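This document opens with one chain alone, in structure tokens, the form predicted on its own.
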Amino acid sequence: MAKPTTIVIGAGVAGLSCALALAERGIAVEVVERGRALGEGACSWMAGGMLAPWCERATTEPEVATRGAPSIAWWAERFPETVRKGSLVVAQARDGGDLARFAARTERFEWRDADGIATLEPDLAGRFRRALFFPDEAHLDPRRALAALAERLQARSVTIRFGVELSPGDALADSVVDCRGLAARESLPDLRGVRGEMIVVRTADVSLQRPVRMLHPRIPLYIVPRGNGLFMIGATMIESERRGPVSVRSAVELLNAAYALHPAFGEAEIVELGADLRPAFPDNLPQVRQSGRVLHANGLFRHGFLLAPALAERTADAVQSMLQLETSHADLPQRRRA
């Protein structure tokens, strides 16, 4: 009997994670991507790359932390450049109440005073009185992580075909995994787009070892170090499906918040501004839905790298069950004749 095959449509973090989970189980898989190169048109390319389940727990449903916590080990095993130095959450003195409320909604953190902050991040010495340190969290460079997944797939003889526009119904395979994000709305009418914007800056005057979140009355900010003086600044979450460049208002707010974290960011060079739409279901949690031989793995919202491993394993379970069921049905006439 021929080995069952699965086609994964989409080579963002959802598609590549699903393909790798399938390949690791010995299922023959192929990936097709409408973009001409890795990351082209994928919202994963604009992600922060924070693996911060307990920070996210303060503002999201408990399932985000429950499903996301195992992703840290998943990424560390498959992407050795994953940085496991925790996360830091700070606030200006006037916003100390926000920091206390944040702490009350989550767990697995340590309170740090001004000296403790300086020990963790010397460049923030004297700037904040108190902070929350989440020692078990991690972060990664999304673009390098996607490339690493693609390399792992290649090592397992999995083909990724770029520049291919394919509808799930036209895919010739035993099973199809649809990871097209918002492009799948013809099959997932309750999927919506949530706009996110980010800025990458370069400066030699600030050094951070881990992602830093600053609670802010207007726009909560996160800054993720990318190495070589690069920092990704993000946080905007706009209920809008407008595509296009970063707005002036968002850019000003992000840069003002970064300046409030450390004035040296005022002299940083702007390397990149980007915006994209993240796919989300009404509950903002990812789902795996089956329609015949097609599985729709979608809805990662703003937790792409955090929740992609859990989504991938659930998808692989569903594909495996589907293929085993089809095999059982195919063998049934032979068993009856015997």
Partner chain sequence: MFYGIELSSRLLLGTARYPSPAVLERAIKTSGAEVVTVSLRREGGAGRAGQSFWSFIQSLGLRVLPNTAGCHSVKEAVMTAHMARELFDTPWIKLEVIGDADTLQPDVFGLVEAARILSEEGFEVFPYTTEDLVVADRLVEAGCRVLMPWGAPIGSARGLNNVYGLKSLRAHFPDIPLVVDAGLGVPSHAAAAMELGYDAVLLNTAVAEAGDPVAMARAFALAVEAGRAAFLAQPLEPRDMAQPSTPVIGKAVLGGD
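Residue numbers count along the first chain shown, from 1. Because the structure is predicted, anything quoted here is derived from the model rather than measured.
The following text describes the form predicted together with its partner chain, which does not appear among the structures shown.
*Residue contact check: residue 260 to its partner chain in the model of the complex, 4.5 Å heavy atom*: So residue 260 does not count as contacting its partner chain.
*Hey, in the model of the complex, is residue 272 touching its partner chain, heavy atoms inside 4.5 Å?*
Heavy-atom contact with its partner chain at 4.5 Å: absent for residue 272.
*Report whether the minimum heavy atom distance between residue 238 and its partner chain in the model of the complex is within 4.5 Å.*
It does: once its partner chain is placed as it appears in the model of the complex, residue 238 has a heavy atom within 4.5 Å of it.
*Can residue 226 be called a contact residue for its partner chain in the model of the complex at 4.5 Å between heavy atoms?*
Outside the cut-off, so no.
*Here the chain is shown alone; which of 210, 180, 192, 112 has a heavy atom within 4.5 Å of its partner chain in the model of the complex?*
None of the other options qualify; the answer is 192.
*asked:* Please tell me whether the candidate spot formed by 71, 85 and 144 is one where all three residues come within 4.5 Å of its partner chain in the model of the complex (heavy atoms).
replied: The answer is no; none of 71, 85 and 144 reaches its partner chain.
_Taking 4.5 angstroms as the heavy atom distance cut-off, pick the stretch from 63-71, 282-290, 309-317, 44-52 that is near its partner chain in the model of the complex._
So the stretch in question is 282-290.
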